[in-house]
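Single chain ahead, by itself, as structure tokens, in the form predicted on its own.
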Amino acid sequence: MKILILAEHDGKQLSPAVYQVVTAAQFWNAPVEILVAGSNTNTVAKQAAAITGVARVIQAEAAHLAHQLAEDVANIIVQVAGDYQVILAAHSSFSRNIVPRAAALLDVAMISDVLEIKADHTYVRSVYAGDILTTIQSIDALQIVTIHSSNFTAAKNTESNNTDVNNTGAQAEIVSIEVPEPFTITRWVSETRSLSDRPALTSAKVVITGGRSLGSAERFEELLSPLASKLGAALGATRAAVDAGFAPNDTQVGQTGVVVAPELYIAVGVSGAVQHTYGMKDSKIVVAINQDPDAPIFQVADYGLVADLFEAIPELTNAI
């Protein structure tokens, strides 16, 4: 039995979630291999090979994979799937774009956003924005699963541990495979990136999220940016704030956005709808600032401040 993990990366760095998926994969007590697809991926492949518990890295490299279309990566998964009993990925926008297609091509079920792995191909996942936990079992010979990565600790590097799955201290083997021909019905057109000196939302140790009550995009930036700069924090937003145009889509925290689990989460003017709390409830410490003492966000907060955010945030920023 072997386990394959689809690695998310930006061409330079592995996503931190990959390390957490490696930990999840240890449940099966079987060799773990990582698929790195892309163009010029030597650096990323070496990072994957240095993760404790990884036996081998499969490097699928081609010019047309510089921008990873779901169709092309799914075809690679289908090509290698016969060697594995379990295929895993972190539950992110990257995997949600690719893994369902691979599962459909392989004619097996996909189990999404798994919180806990149990024996006999049984998994625990949440429904209704985390209000209900369901336990489901897959009878397919090939298990395809996406992992709620914040529920698992990150695996370490062999360099820091001086150990690996075989206790030799060596990094995992990196092997190259032949890549299928590019899928020609779809093509890469362009992308727009939000460049920022702030840490990435998914990996930041501190996240500050603003709600619609901030009133405007100007106030959102004017009020929260100084505090984020002092704390070295990433800025997030509720769906209502994103829909109102206060913040870009990629900053949305919640069920239909990004799931975060920082050491400190500060919710500013956030009411606390279940769709939002689903995306941040695994945070180690939650601080809520809201003028409404009955706001649902206080039910998940470790520290709550009932105050006018337009007064409290500048005071907090000045005090740091």
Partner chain sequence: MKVLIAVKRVVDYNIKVRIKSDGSDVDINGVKMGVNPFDENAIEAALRLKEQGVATEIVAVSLGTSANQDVLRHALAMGADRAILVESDLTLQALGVAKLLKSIVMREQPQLIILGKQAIDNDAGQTGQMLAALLNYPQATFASAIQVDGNTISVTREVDGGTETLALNLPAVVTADLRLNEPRFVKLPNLMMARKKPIETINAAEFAVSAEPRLKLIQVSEPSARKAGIRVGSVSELLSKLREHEGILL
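Numbering follows the first chain given and starts at 1. Owing to the predicted nature of the structure, the values given are computational and were not obtained by experimental measurement.
Omitted here: the form predicted together with the partner chain. The next part is about that form.
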| item | value |
| --- | --- |
| Heavy atom within 4.5 Å of the partner chain in the model of the complex - residue from A104, I177, A217, I174 | A104 |
| A70, A62, A30, A55 - the one with a heavy atom within 4.5 Å of the partner chain in the model of the complex | A70 |
| Close approach of F298 to the partner chain in the model of the complex, 4.5 Å, heavy atom | yes |
| Any non-hydrogen atom of Q47 within 4.5 angstroms of the partner chain in the model of the complex | no |
| Contact label in the model of the complex: A81 to the partner chain, heavy atom within 4.5 Å | no |
| Contact test in the model of the complex: D197 vs the partner chain, heavy atoms, 4.5 Å | no |
| Segment that reaches the partner chain in the model of the complex - one of 238 to 246, 218 to 226, 149 to 157, 81 to 89, heavy atoms within 4.5 Å | 238 to 246 |
| Residues from 126 to 143 in contact with the partner chain (non-hydrogen atom within 4.5 Å) in the model of the complex | S126, V127, Y128, A129, G130, D131, I132, L133, T134, T135, I136, Q137, S138, I139, D140 |
